[in-house]
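Shown below, as structure tokens, is a lone chain in the form predicted alone; questions about how it binds or moves come after it.
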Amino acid sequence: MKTIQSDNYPIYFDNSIDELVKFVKEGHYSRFFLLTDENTAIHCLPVVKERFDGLDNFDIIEVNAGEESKNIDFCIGIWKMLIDFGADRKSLLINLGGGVISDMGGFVASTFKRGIDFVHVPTTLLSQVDASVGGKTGIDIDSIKNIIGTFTQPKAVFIAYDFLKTLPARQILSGTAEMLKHGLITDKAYWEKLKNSDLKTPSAELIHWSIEIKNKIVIDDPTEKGIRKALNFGHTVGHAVETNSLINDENPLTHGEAIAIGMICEAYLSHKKTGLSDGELKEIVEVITNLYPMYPLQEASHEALCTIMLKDKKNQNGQINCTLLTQIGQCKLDNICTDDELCESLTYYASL
């Protein structure tokens, strides 16, 4: 696949780990560090370490897997390890992992000594098509997702499709939700292609296409003043559902499962508020519900979900702000939704 040029950095596809080694050697870094979690340390780290044979100026920092690790306490631990390992401003942080590692690693690097270089080696489908591209870094506080962060671009991104073979089916589908979103907000042809593909094993072509869509949006609007808000479709409701699940469920929803629920709810709001046709609403619901199991959204949880939504960083003047669809492939930004409307969308989902 052809290398994509983003905002002053490349996204490599073919021979990406070899490109990573070349990047490190040509960067003449004083030291470099591999940030990973215990899952990636087992399945992906050995592949990367083998390619670094002959290089001895690096250390490995491992954190616990999962969204629960994406907080300031873990960041402090990483910063302390960087200090202990002698990291300086000419050091490089390699974020080897999924979305949590990309978000948190980017935040750690962008703030350590006022900023050191970092690159992403995303190992999940979700991080390949979403978290690794666009320069958003972030951590959670009090279960509010990505409420603290920076806009800081990586120096490069290295997409290795082989790492996806290590993932369970549920994690693949978590990333698929973001791919579906890309089609819904900007590209009907891509949506049609996705509909007619095996999304439990998405092809390299579809992944590349998805990254191209996101990359174009973030280049046009790097700090989310305009069109980048389109990427929030499904995320106002979805982030609230995800947060509530993390707090209350023994086996929490994945990010993609929660965003799938959010996209159904926000497609319903689109039908009510911005002109999405009944036929296209039904089409979206059918595609998503055929991929993702239904989640028991109880009416008793509506108040808690709306409270979480009120804390969302996308809100304006204390009002809940959503990106909605006008039709498949087109969206409308900055739609204020009331608690009653949001609860109605949650009830709609529960009725399916």
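All residue numbers are counted from 1 along the displayed sequence. These figures come from a predicted structure and were not determined experimentally.
Omitted from view is the form predicted together with another copy of the chain, to which the following refers.
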{"query": "Answer option from 165, 188, 89, 170, heavy atom within 4.5 Å of another copy of the chain in the model of the complex", "finding": "89"}
{"query": "The single option of 281, 227, 199, 144 touching another copy of the chain in the model of the complex, heavy atom within 4.5 Å", "finding": "144"}
{"query": "Close approach of residue 271 to another copy of the chain in the model of the complex, 4.5 Å, heavy atom", "finding": "no"}
{"query": "4.5 Å heavy atom contact, residue 245 and another copy of the chain in the model of the complex", "finding": "no"}
{"query": "Residue 37, heavy atom within 4.5 angstroms of another copy of the chain in the model of the complex", "finding": "no"}
{"query": "Another copy of the chain contact in the model of the complex: residue 302, any heavy atom under 4.5 Å", "finding": "no"}
{"query": "Triple contact flag 174, 208 and 292 to another copy of the chain in the model of the complex, non-hydrogen atom at 4.5 angstroms", "finding": "no"}
{"query": "Options 199 to 207, 258 to 266, 174 to 182, 145 to 153; stretch whose heavy atom lies within 4.5 Å of another copy of the chain in the model of the complex", "finding": "145 to 153"}
{"query": "Within 4.5 Å of another copy of the chain in the model of the complex: residues from 69 to 97 (heavy atom criterion)", "finding": "72, 76, 79, 80, 83, 88, 89, 90"}
